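Presented below, as structure tokens, is a lone chain in the form predicted alone.
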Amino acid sequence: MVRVKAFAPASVANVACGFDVFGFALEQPGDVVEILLNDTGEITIKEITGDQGLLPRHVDENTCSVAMRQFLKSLNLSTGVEISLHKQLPLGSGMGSSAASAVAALVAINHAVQNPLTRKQLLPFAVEAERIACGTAHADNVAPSLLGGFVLIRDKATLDIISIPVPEELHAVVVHPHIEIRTSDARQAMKKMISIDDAIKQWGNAAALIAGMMKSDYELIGRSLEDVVAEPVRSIFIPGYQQVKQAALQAGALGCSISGSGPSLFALCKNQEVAKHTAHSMTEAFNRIGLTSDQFISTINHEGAKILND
């Protein structure tokens, strides 16, 4: 029997001005999926740990099994698979929890059957799993979790993904307050129409952020981390949002915004020292309004998902 274990990292989607088109991977935390191939011809979920019993156990509803079933169907493989999912990412955190589960499952099954597909060829199955999880087939979490690095989704229909180089010393801080926001709810809150002035500002910032990353221009990165589309709507769901963001900027962060659909906030920093100070300041700001939180400090993870054993 073939047994494989894989890890897929958390990710920050949108990255302020890049709603549904930017994302980057963190080193930690992440989800672990362990699979065991068998001759039953069926996909089963043996166990899920770390989710407090909240995730669906039905194979038609769990992102791991949905992604894996699409993969096996596309290759006309009839092998059975037993899945164990170990959640290390908080649910509804804005850190790509559903994406990490699907990605780890795909990397595991692809490895188990001798890697017939490239990482980019696995993307459509992960995106389909995201549609099951939140109702929208978006790639800004699954792409960085699977491929690593800072990615631009130029076109989600064709999954045209571009890897963007980033400054070597760039660090990310993610602070997760202990509340939950459902991605589907956060997406429904978004305006269906925006003004032409906001559109111009948003795509100007998006283009400038990419330029800043490629030129290692920290000042330009900081000026570009402005979101006039999602943040004004979604920030009202996060208690103390403005106070925490201001704390990050005063601590020296280049910029701060919502990680994915929230409630986590992310900040980008010039180096590890600034990142540590920023993380402390953001956590203290949440503490002052009575919210406990977890903090994560990471460079940009260029590896993405990985196999933990053979």
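In this text, all values refer to a predicted model and were calculated from it rather than measured experimentally. A residue's number is simply how far along the shown sequence it sits, counting from 1.
Form predicted together with a small molecule: not shown, discussed below.
Only one segment in the set 115 to 123, 160 to 168, 210 to 218, 133 to 141 has any non-hydrogen atom within 4.5 angstroms of the small molecule in the predicted bound form, and it is 133 to 141.
Put simply, His176 is far from the small molecule in the predicted bound form: not one heavy atom of it is within 4.5 Å. In the predicted bound form, the small molecule lies farther than 4.5 Å from every heavy atom of Ala25. At the 4.5 Å threshold, heavy atoms of Gly30 stay clear of the small molecule in the predicted bound form, well away from it. Among residues of the shown chain, Asn301 is not one whose heavy atoms approach the small molecule to within 4.5 Å in the predicted bound form.
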